[in-house]
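Let's start with one chain on its own, the form predicted alone, as structure tokens.
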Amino acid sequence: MFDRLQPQSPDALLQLIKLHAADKRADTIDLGVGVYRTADGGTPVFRAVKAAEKRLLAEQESKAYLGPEGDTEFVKALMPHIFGPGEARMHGRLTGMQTPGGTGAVRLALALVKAAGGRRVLLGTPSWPNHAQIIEDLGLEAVLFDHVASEGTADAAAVLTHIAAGTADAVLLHACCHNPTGIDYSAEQWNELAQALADGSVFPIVDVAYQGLGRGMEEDAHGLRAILAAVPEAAVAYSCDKNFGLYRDRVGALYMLAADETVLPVAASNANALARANWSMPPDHGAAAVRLVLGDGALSRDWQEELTMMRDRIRSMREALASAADRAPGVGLAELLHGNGLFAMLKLSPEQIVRLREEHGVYMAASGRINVAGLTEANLPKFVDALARVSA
């Protein structure tokens, strides 16, 4: 069997990780890996999560299977933070299930589209590379539109045109902290999108991977809530990997909004069947820790405080880079001030990115995407100097 397979290209980001690990220079800068980093370069476990894990160690009595829907109390505990006051209005039409990370939730949402007879999915470009890979792997067709306008803002008109024309069955949208550009729709644009989706026939899938890392938990949920208030049905893919720091525990959830109470059990049964065929049951530990954090007032406050600290550090690095725009004109540093979250894309050629790596020990994706949290007060001057040298 195996000799019939065709070689596949290695994942570019994983290759970058290996290159950085093999670089023996003491002052390298890693801006490729998409995880939060502290000012010391670490990716620590949240204090609240540590406390919850200690409680699990002491109190958990069984690790028996929970079923394909996972930890339902974890799913419920997240809902007020995701849906806000609108949750009450969706009573009887909204359900959810645990998934292996946000990736599992995205795949499950797209698999439901396929099971319902959908074939074409609107996808803004650039997007997280795995979005296109999942669409292709499921045998669906990606209908591409430009996410970014020429002036460096979100191009809502591009997707609105497709929605109005009904050129696809579903659309996949980033709720906040767009990966890889960091460029989000404005509140006004989200409201336009919500109205267009309500008027049209395109099914919305909203990927919520970074809530709380942009402008705040409430602010980052505006677009999602605007859509859910307007449309009869939608899917929401949620990840706790970033805003709880649970990357390797793969903690996510899929929420389904149905047009009425009679349709919801059908959607849920199909999601359960698809989950059973894909991963059988999701991993429990990280979801259990999140459930405990959200169910304890003191732990929940501590989590929010640490999340605020992370968000403020990311914002401070964006501001510092933007203030250095005159050192490396044409690279797009000034635009970082208007973006959100971990990621931004710099206007660099492939040759310049190679020079940054080989001559200056700066590692970033070949697309020009950088993880802003990989910068610190200590290494930012070197990074700006390297940009100035390769862009001169």
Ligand code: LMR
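The first residue of the sequence shown is number 1, and the count goes up from there. This structure is a prediction, so every number in the text was calculated from the model and none was measured.
Form predicted together with the ligand: not shown, discussed below.
- The partner is absent here, but in the predicted bound form a heavy atom of Phe343, alone among Tyr36, Phe343, Phe46, Tyr363, sits within 4.5 Å of the ligand.
- This chain appears without its partner; in the predicted bound form, the one residue of Phe74, Trp128, Trp303, Phe203 with a heavy atom within 4.5 Å of the ligand is Trp128.
- Stretch-level contact check against the ligand in the predicted bound form with heavy atoms at 4.5 Å: of 348-356, 54-62, 330-338, 27-35, the positive one is 27-35.
- Contact check at 4.5 Å (heavy atoms) against the ligand in the predicted bound form: all three of Asn179, Tyr210 and Arg369 pass.
- For Arg311, no non-hydrogen atom is located within 4.5 Å of the ligand in the predicted bound form, even though that partner is not displayed.
- Using a 4.5 Å cutoff between non-hydrogen atoms, Arg225 does not count as a contact of the ligand in the predicted bound form.
- Residue contact check for Leu380: none of its heavy atoms lie within 4.5 Å of the ligand in the predicted bound form.
- For the chain shown alone, Leu13 is a contact residue for the ligand in the predicted bound form, at least one non-hydrogen atom being within 4.5 angstroms.
- Residues of 229-248 that come within 4.5 Å of the ligand in the predicted bound form, judged by any heavy atom, reduce to Lys242 alone.
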